[in-house]
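One chain is shown next in structure tokens, namely the form predicted on its own.
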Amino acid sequence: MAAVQGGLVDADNEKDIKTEPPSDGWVNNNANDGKVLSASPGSSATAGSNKPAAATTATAAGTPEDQQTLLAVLQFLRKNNLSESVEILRREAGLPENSLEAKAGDSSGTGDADTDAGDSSSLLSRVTVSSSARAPSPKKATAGEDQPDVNVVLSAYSQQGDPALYDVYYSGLKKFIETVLDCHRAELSQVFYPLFVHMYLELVYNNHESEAKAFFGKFSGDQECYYEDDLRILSSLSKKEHMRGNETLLDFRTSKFVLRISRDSYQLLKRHLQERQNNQIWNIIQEHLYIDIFDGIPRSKSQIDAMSGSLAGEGRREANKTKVYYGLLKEPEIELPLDDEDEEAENEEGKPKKKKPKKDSMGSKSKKQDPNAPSQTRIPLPELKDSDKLDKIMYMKEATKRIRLGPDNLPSICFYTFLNAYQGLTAVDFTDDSSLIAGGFADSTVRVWSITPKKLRKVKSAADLNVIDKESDDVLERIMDEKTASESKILYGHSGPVYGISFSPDRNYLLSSSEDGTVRLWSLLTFTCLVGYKGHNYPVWDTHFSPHGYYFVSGGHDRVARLWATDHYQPLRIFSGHLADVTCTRFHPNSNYLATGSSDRTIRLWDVLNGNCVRIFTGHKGPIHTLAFSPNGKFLASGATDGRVLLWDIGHGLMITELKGHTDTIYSLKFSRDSEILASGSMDNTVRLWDATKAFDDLETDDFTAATGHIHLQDNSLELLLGTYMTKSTPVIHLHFTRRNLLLAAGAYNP
């Protein structure tokens, strides 16, 4: 698991992703400055100096610890026969030639175990000791190391006081927060959960099992209900041995829990802890919490609850201030040829005048450049082939026949039910033109069906292709082998359940991701596997093709998302930052960004160009299972096990509203082609339609809201709900709007 600072790692440096605690910021306690200071990634900056804390070999005239460390380094180099390096370092440090011999004599005379340079681990410990002497806390000193041991990560829990006082400290803080004014109580109550977890873990780590059990039993019931699953895992950690190798614990320990608190509330808390000299709790706040202070009115309980619930608290405000180019790319200018109907119409008076404005409007729409759109060349995109241009023309023709949806004009819904799916249906996808449907199954197969009268055919063998006239107009038909025509095809290759599938925009390829840790690219012309992409070490939960083809993204149990190109064996980008499985992935319509949803209950938006995390959205109370961008690129919808659909404004980085109504996990979301309606499908066997236009129009974003992250969610789910459609005992696992705005849904019948 990489550090919590989300970012990019080039494919060549994939091996450098290591488990390191992030050098997150800490709160500036100056009452006149509410800004949050942060150390640079990978460094161990101290509060009083910008130099790395472990840079102890710079001068020989420093402290005795510095000289001791320097000599240890020299002896280690000499032991490994690196004599030239020894000479260079000795000369730069200004040490006399006989210094090494003298030191060796001293150590042999005194028998001091600390100066034994023969062991590399003792060298590491010496560097850690000397650096921690100057750092404000031992944790800050270890943050700069490349790959700290689990013991190092947990060691900060060892320097603690009387276990009997933990109950007293926590109870005292609880009584104080319960007596403050109502406006501050909701904000200060946020500190209960992270403090409770860290105090419990300190007791367990220091072998105070009975005290830890009593502490957990007394205060676990006070925590918010959405931390129930986390507390269940925590309760199983009752011995020090249980803590090693527990991923959830290490996540909590190495990533600072983010709390957003007003300045007034923070000053109240700080004053109380200083007056009571409650250093135990103050140390935890300083070391393990990141308090994001804002000026203004404290937030209400409902505002806090709307944004809380993730594994590491809320998203930091500065993480959502990066400029995001959410506009759509300019469409290529393609001549729209007149079809037979148009040619006939041209002979009649007045007809061309009616037809032409329709086409001109299509053309003018593509010529205007959206001011919020990225440049065409920001990332390399594949050039349009002739077949792509033909498809664009078909798309434009169908768009002229598209039904305009709205509250008074809801779409028809066509449901594809998988009957007798004893293989276990796990994933479904439709092609953009709605001609094919594919299913991923738990028996490790992928099955493709044609949902038009046209059957699936393979390309002829090489020998047969040689005798075809390649100049003929119908060459694309001639290359297909009619003998292989069938309504469905089965693709074999994976060695574990298939969890994610995605068609390419040109319908020539299909991606599938599996428990076997691979992503496979299948040809829909030969129905064979072309490539197996290996990079994930664990199950790959989801994969998705870019809307422009060529690129695709995958996310899995290893907590990272990977960006791939179809012609590269290795990933182009590795997006690291989530604290748990990456459960769903989705490309932005302009292909410059991609969104990932995770079991850590957060959604992250990543910049494909540089790999940076540009948005962190928190608010879901359970693992996220589906994401959908609006076709205009401005909004994102997310669905999770908590049964809620959340809508997000990408430009401002804010939650717009929550849609409540489903009673089980939401597995699929899809916007209509004109972004007017949002459809949601759930394990509760229903499809629900929501008025997305009204939700977006009701959004009021002022400068204060954008600066503080205050959101006023209206409880208007019933007003936005346009319709609920029940299935016959069939969970809805995929939704798709056709080019004419007919809604297709799919799921496996569950008798």
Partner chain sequence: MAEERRQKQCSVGLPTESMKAMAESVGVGQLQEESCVALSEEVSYRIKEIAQDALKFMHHGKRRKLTTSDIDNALKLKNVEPLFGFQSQEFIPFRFASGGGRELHFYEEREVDLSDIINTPLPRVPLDVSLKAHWLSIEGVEPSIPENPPPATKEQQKVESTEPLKVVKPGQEEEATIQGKSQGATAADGKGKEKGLIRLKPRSTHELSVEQQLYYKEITEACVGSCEAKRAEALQSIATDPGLYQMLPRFSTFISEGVRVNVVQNNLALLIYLMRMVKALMDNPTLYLEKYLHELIPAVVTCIVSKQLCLRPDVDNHWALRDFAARLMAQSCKTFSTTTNNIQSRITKTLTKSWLDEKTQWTTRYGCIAGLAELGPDVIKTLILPRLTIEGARIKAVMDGPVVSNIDKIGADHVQSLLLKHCASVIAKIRPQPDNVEQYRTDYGYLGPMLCSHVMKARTQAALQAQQVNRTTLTITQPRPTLSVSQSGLSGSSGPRTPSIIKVPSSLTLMSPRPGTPSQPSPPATKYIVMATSAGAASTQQVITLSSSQSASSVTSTVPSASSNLQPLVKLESGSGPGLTLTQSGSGPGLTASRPLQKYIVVSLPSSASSSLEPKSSVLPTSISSTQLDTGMKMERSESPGASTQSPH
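Residue numbers count along the first chain shown, from 1. In this text the structure is predicted, and so the values were computed from the model without any measurement.
Another form exists, predicted together with its partner chain; not displayed. Remarks below refer to it.
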- Classify residue 419 as contacting or not contacting its partner chain in the predicted bound form by the rule of any non-hydrogen atom within 4.5 angstroms, answering yes or no. yes
- Query: How about residue 587: is it within 4.5 Å of its partner chain in the predicted bound form, going by heavy atoms?
  - Reply: no
- Can residue 286 be called a contact residue for its partner chain in the predicted bound form at 4.5 Å between heavy atoms? no
- May I ask you to check whether residue 698 falls inside a 4.5 Å heavy atom distance of its partner chain in the predicted bound form? no
- Message: Only one of 423, 523, 308, 675 gets a heavy atom within 4.5 Å of its partner chain in the predicted bound form. Which one?
- Response: 423
- its partner chain in the predicted bound form has a heavy atom of only one listed residue within 4.5 Å, and of 89, 324, 410, 480 that residue is 410
- Query: Can you say which of 610-618, 378-386, 219-227, 560-568 gets within 4.5 Å of its partner chain in the predicted bound form, counting heavy atoms only?
  - Reply: 219-227
- Residues within 4.5 Å of its partner chain in the predicted bound form, restricted to 582-618 and counted by heavy atom: 583
